[in-house]
Structures are given as C-alpha cells and as structure tokens.
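First come two forms of one protein chain, each written alone as structure tokens, so that there is a structure 1 and a structure 2.
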Structure 1
C-alpha cells in the first residue's frame, strides 16, 4: 500500500493506493504529523514530491516513517535510465518534475538552522500531481526489462532521502570547546576578527623574511608566484604538491602557512560560530546531488571535514561512535558488476594483497595504483604502465571499465548495476566531434575532439564504478537503518542508536555505549545485505573496518 501526500490549495490531501495501483481512498488531512503517525501503523510506503519538504516537520513532531518514494529523486532516475527509456515518463516533454527543483531550505543564508515553522519556504512545485506521477513511475518500472534492478534503485534512493533528513535532524555531536582547543593549539588564541592568529602570523613573518618580500600576501597565487620567482624559484603553479619539490628555506614555512591558513578559513572559529549550534553540526545532505548518485552536501563542507578537527566530534556522555568504513569498496563493486570471479576471490581478504598473490603485480602499492588507474582511466605514469598487467589477470573486470570508456568516447550512455544512467555529453562535445570529421577539419579540431572524447570516456569509465558503489552504500545504509530500528524497538531517534554521518563509503552511528558491539554486528550484516542486493549469490565480499570510539578523530 502506498499513501501519497500532496499539498493543494485547500490543504494536504492523502491518497491511498492499493498494491494493484487503484486509488482506494482520498481524504483531507488537517494535522499531517498526527495523520502520518496514525497510518504508519499500517506500514505503508509514503509517497511525496520531496522528502526534504515533508520529513523534517514530521521528525520535529517526533514521527518517523519506515519507507517512502521520493518522487522528485525517483523521477530523475527513471527519466534518464536506459532501463526505462521507452516509458511514457521518459518520453514525455520535460515538465514540473524535471525542473531544477531545489530542496527545501533548512537554514537562512547566515547559517541559522531549520526554517520549520509555518509553510515550507520552498517555491511551489507548479503543475505536478504526485498521484499521477507515482502511477507513471509504477508503469515505467513495471514495463522495464529489469524491474527488479530499477525498483531496488528507486527504493534505495528514497531510503537515502529519509536517512539524509534524519541525520540532519539528529546532528553530528560537536564539542565547540574541543574544537577551540584544537584551533588554539595550532593557531594560537582566537584573534579579533580580521587579524591573523599569532602562530599563523609568525610563520608568515618567516616566509616574508626568507623570500625578502615584506608585503607578500601569500593568499594570492599570482603574488606568491612572483615572489618565488624573484627568489629564483620558477613554478607554474603555487600548489603545495608542486612547492614540495623545491629546495629553499622558505618552502617549509610556506607549506606550514598554507596548511594553517586553510584550517583557519575552512574550519576555523568563524566556521564553528556558523555551523555548530547547541553541540550539533547539522549539514544538509543532498541525496542524488552528484551525477553518479553520490550524495552532495550543502553548508559547512560536511563531506570535507579535515581529519585535523575530527577530534571535536565527541560522543555524548555514556555514548559511543561506531565508525565503519567499507574497505576497498570501488574495486570490489567492479568485481561484482563484472562478475569477475578471479577478482572476487582476490578480495576474500585484503584485495590489493590478493592481487599481488595472483601475480599480476609485485607490491601492494602497485596493486593499488594500478587498480585506481583502471577505474579512473590513467594512461601515463606508473599507473598507466601497470594497468595492462591487471587486464591480463582480470579480463572481465578491466574489460568492463574499458568498455564503459569506449562507450563514452562514442558519446553513448552507460548504466550502473541498479540502473542509473550517465548523462549524455552536451552540445559542445558533439560539435567538437562533428568538427573533427567535417570539411574544415584541421589537426587542431581533430586533436581537440579526440581529447574531449577521451575525457568523456574517463568520466563514463568512472561513472559505472562510482555510481554502483554509491548504490551499494545506499543499500548498506538502508539495511542498517532498518536493523537499528529493530534493535531499538522503535524508540525515538535521539534515544537509540542512529546514523549521524555518512561519507561515500563510511558511516558513523551514535549509540549508547553498551550497544556498540551489537551495532557493529548490524553494520557488518548490513554490508552483507547490500552485496546480495546488488550482486545476488556472487562470491564478492564487502569487509568493513570498524572502530568503536569516543571521538571521531580516534577512528583510523
């Protein structure tokens, strides 16, 4: 049973839809949270335009739902997937569901959190009847050649939307005093605004002295490049990795300055004031925010928290963090999707060690760099050199990414394990290709076209791996969420083990200390579930590295 919620001019309408797709009931709803709580006992799948427009209010009212369809996210998938390409949904002209809908705003531009009272601040959706949309989506899935794949994908995507809202609601525990302590340790006391902290100032003074550039603004790449040039250091950029190759007394303090300056501007006191409220960091997660299906985030740089400050992420008294990382996820997913048994067997333990044992390469480091090269499309350097050796040992896996690259070079679309398809290349790309074969083709146009083709091939090569890994991670989290709910007997979110952070192949669960071991077991079991959901009985394994810690900085 599905219950569709819709906002209309007259108020909220709930439409109940049977398993056969027939509308069995329509009613007006006064108190949405009460209604949802009441009907949740029937365990329906809720359907709504956008989870971020409905669920935060419910969570605030203490109401959770087990499952949903996020029609906006599902629409994007079904519109683009090769598995539903002939559906009415995919063939229709773009409409309200294709508009660049913005998730509901959770905060003011100044960073104040949760605009939750009153009507959602998001703009209305336009002509977009969610009941009609849901029915179109059902037809599209049912008529697909592989309804199981695409059906699992939209369910997983929707579960992700629920989890994203729940993680924002719960927030990541963040101890401001500890963060301040870390900053003071590295930078010195907090200066009045506009001033450089003393330690940053001191190291800058060294740089200026050693480069004989008393007024140097090190934050300006062009100024810095000139100053280095005057000291006889010729560089084509001022990136740290490039500066590291130089030998000059100014380089060490300069690199030190860059490191500290980055910390200050990205995660300094200003960041702390803006993003940490009442002991919690509440970023907005954006499911489906990346073309490959990975999540993006909005506000506070949630997916780029530097290791330096993770020590400020401290569990509540009597609670622990269970930090879990899916080891070598992408190559394992590749082995699964290519049904490459040799690579799957190499992954029985440490995958890279397994690759060495197979004789493909000599060292673990080589295995790693060769594998990365295969998934990213390296052509030169050590990585490009080692990759062919992998291809001999694992023809199915490497053949799979090579085929995806060739398809991309031809301008074709590629599709992940569960059915998310890559975007087609844009008009500029196509023009570049046709220019190369036109009457006015020159060496320049031809080489530009070839370079663009290769580049798009690297994108599609990586798309199938990164995208399928993102699907595995969604299934992992969805299964874990279900298991945690069972574990805690439906206790309120904040009183029982709950997800507080997700980073592509890593999750953090905040839980009462006595439950940590049990949570760890559920995380591992959920990884097994995810492997089965994507690859059925294939013997590909997904080991998980787990740390039970008091603060996030202690993990890894």
Structure 2
C-alpha cells in the first residue's frame, strides 16, 4: 500500500493506492503529522514530491516514517536509466519534474573537478501531480527488463532522503568551546573582522620572505603563480597537490599557509557562529547531489570536515559515537560488479594484501596504486606499469572498467549495478568529435577530440564503480536505520541510537553507551545485508572497521 501526500490550493490531500495500482481512497488532511502517525501503524510506503519538503515538519512533531518514495529523486533515476529508457516517463518531453537542479560535477582523485557540459536549471519544480507521477514511475519500473534491480535503487535512494532529513534534525553533537580552543591552538586568538590570525600571519610573513614578495597575497592564484615564477618555479596551477611536487624552501610554509587558511575559511569562527547552534551541527545533506549518486551538502561543508576540528565532535554525557568505515569499498564493489571470484577471494581479508598474495604485484603499496589506476584510468607512471599484471590476474574486473572507458570514449552511456546511468556527453564534446573528422580537421582538432574522449572515458570508467559503491552505501545505511529502529523498540529519535553523520563509506552513530557494542554488531550485519542486496551469493565481503569513542577525533 502506498499513501501519496500532495499539497493543493485547498490543503493537503492523501491518496491511498493499493498494491495493484488502483486508487482506493482520497481524503483531505487537516493535521498532517497526526494523520501520518495514525496511518504509519499500517506500514504504508509514503510518496511525496520531495522528502526535504515534508519530513522535517513531521520530525519536529515527533513523527518518524519507516519508508517512502521520494518522487523527485526517483524521477531523475528513471528518466535517465538505460533500464527504463523506453518508458513513457523517459520518453516524455521535459516537464515540472525535470526542473530541479541536476548533478553537474565529478571529482577526480587528484582533487580536480570534472565539470559536465550543460547548465542546471534554477527553476523550482513547480506545480505537479504526485499521484500521476507515481503511477508513471510504477509502470516504468514494472516494464523494465530488471524491475527488481531498478526497484531496489529507487527504494534505497528514497531511504537515503529519510536518513538525510533525520541526520539534519538530530544534528551532530558539537562543542563550540572545544572548537574555539582548537582554532586558537592552530591559528591564535580570534582576530578582529577582516584580519588574519597571528599564527597565519606569521606563516605568511615567512612565505613572503622566502619568495622575496613582501606584498604577496597568497589567496590570489595569479599573484602566487607570478611570485613562484620569479623564484624559478613554473607551475600550471597553485593547487596544493601540484605545489607538493616542487622543491624550494618556500613550499613547506606555503602549504602550511594554505592548510591553515582553508581551516579558517571553511571551519573557522564564522563557520562556528553560523552552523553550530545549541550544541549541534545541522548541515543540509543533498542525497544524489553528485552525478554518480554520491551525496553532497548544501551549506556547512558536512562532507569535508577536516581532521583538525573533529575533536570538537563530542558525544553527549552517557553516550558514545560508534564510527564505522567500510574498508577498500570501491575495489570490493568492482569485484562484485564483475563477478570476479579471484578478486573477491583476494578480499577475504585485506584486499591489497590478498592481491600481493595472488602474485599480481609485489607490495601492498603497488596493489593500492594499481587498483586506483584501474578505477580512475591512470595509464602512466607506476599505476600504468602495473596495470597489465593486474589485468592478467583479474581479467573480469579490469575488463569491466576498461569496457566502461571505451564506451565513454565512444560517447555511450554506462550503468551502475542497480541501474543509475551516466549522462551522455554534451554538445561541446560532440562538436569536438565532429571537428576531428570533418573536412577542415587539423592535428589540433584531432588531438583535442582524443583528449576529450579519453577524459570522458575516465569519467565513465569510474562512474560505474563510484556509483555502485554509492548504492552499496545507501543499502548499508537503509539496513542500519531499520536495525537501529528495531534495537531501540521504536523509541524517539533523540532517545535511541541514530545516525548523525555519513561520508561516502563511513557512518557515525550516536548511541547510549550501554548499547555501543550492540550497535557495532548491527553495523556489521547491515554491511552484509548491503552486499547481498547488490551481489547476491557472490563471495564478496565488506569488512567494517569500527571505533567506539567519546569524540570523533579519536576514531582516526
């Protein structure tokens, strides 16, 4: 049974849809929270246009729901998936459900942003009929060649939306006084507005002295690049990862300045005043905010909390944090996707050590570099040298990412384990390919086209791995949420173990201290659940490293 909630000019309307898709009841709802709490006893799946518009008010009223369909998030998946490409929903002209911002970026391992062609719409979703949309989505899923596969994805994506709202509502415990102490230790006393802290200023003075640039503004990339050039250091960018390649007395203090400056701007006193209220940090999570399905955050930088400030994340008195990290997630997911039993068996313990034991490479560091190269398309240096050895030992896994890369180079779409598909390359990419084969083609246009094709191939290569890993993480959290609810006997969110933080392959649960060991067991069991949901009986293991701590900084 599904209950659809919709806001109309006359108020909120609830429409009940039976399992066979027939509308059985429609009624006006005066008190939404009371209605949802009453109907929740029937264990329906709620459907609404956007979880972030409905669920926070319910949580404020003390009402939690077990499951839902977030129609906006589901629409994006079904609209673009190869599994539903022939459905009416996918073939329709763009409408209100397509107006939301779409994911636009992908981050490469060196930290660079891979920006996709096209501009996102800034228009709101507008007026829409959630009942009609739900029925279209049900038809699209049912008509898919693999309805169970895509059905699991939209259920997991919707569960993620519930979890995101609950984490924002509960908040991450944060001690402002401890944060201030950390900042003073690293930066010095809080400065007046517009001034640099004394320790940051001291490091800057050293940089200026070593570069013989007394007026240097290191926050200006163009100024910094010129100053480095005058010192004989030629760089194409001033990113930290490129500066680390240089040898010069100024580099160490310059990197220190960048680190401290980043801390001040991203998590300094202004951040503390803005985002930590009543002992809680409540960021806005954006499920599916990255094109691969990974989460993003809209304000607060929740997914980029530096280690320097994690010591301010302190559990409430009598409570603990259970911090869990899924080890070597992406290569394990690749083994499952490719049904590569040899790689799965290598991952029975430490995956990289298992690769060494197989004879593919000589050291653990080589195994790690080789796998990173396989998933991100590194063809030069150490990873490029090791790739043939890895391919001989694990032909299915390496063959899968290679095939995804070739598909991307041809401008084709690739699809994750549960059915999220990559966007096609945009008009600039296609224009570059067309120019390379036109009558006026030159060596330059051909080179530009090849470079663009290789870049898109790197994107699609990693899309299937990162996207499938994001699906595993969603299933992990969804199973854990359910298990924590059972463990607590449906106690209110703030009185029972609950998720308070998530970062790609890591979760943090805030729980009463006596329940910490039980929570740890449930976290490991949920990881097993997620593996089975994605890969069935394949012997792919997902070990989880767990720390039970008083503050988040102790977990690493």
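Since the structure is predicted, the reported quantities are computational estimates derived from the model, not experimental observations. Numbering follows the first chain given and starts at 1. So that the term is clear: the rigid core is the largest set of C-alpha atoms that superpose within 1.5 Å between two forms.
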Among the two displayed forms of the chain, which is the form predicted on its own?
-> 2
Here the smaller rigid part turns relative to the larger between the two structures; that angle in degrees is 7
With both forms fitted on the core, how large is the C-alpha shift of residue 202 between the two structures in Å?
-> 2.4
C-alpha positional change at residue 233 between the two structures - rigid core reference, Å | 4.6
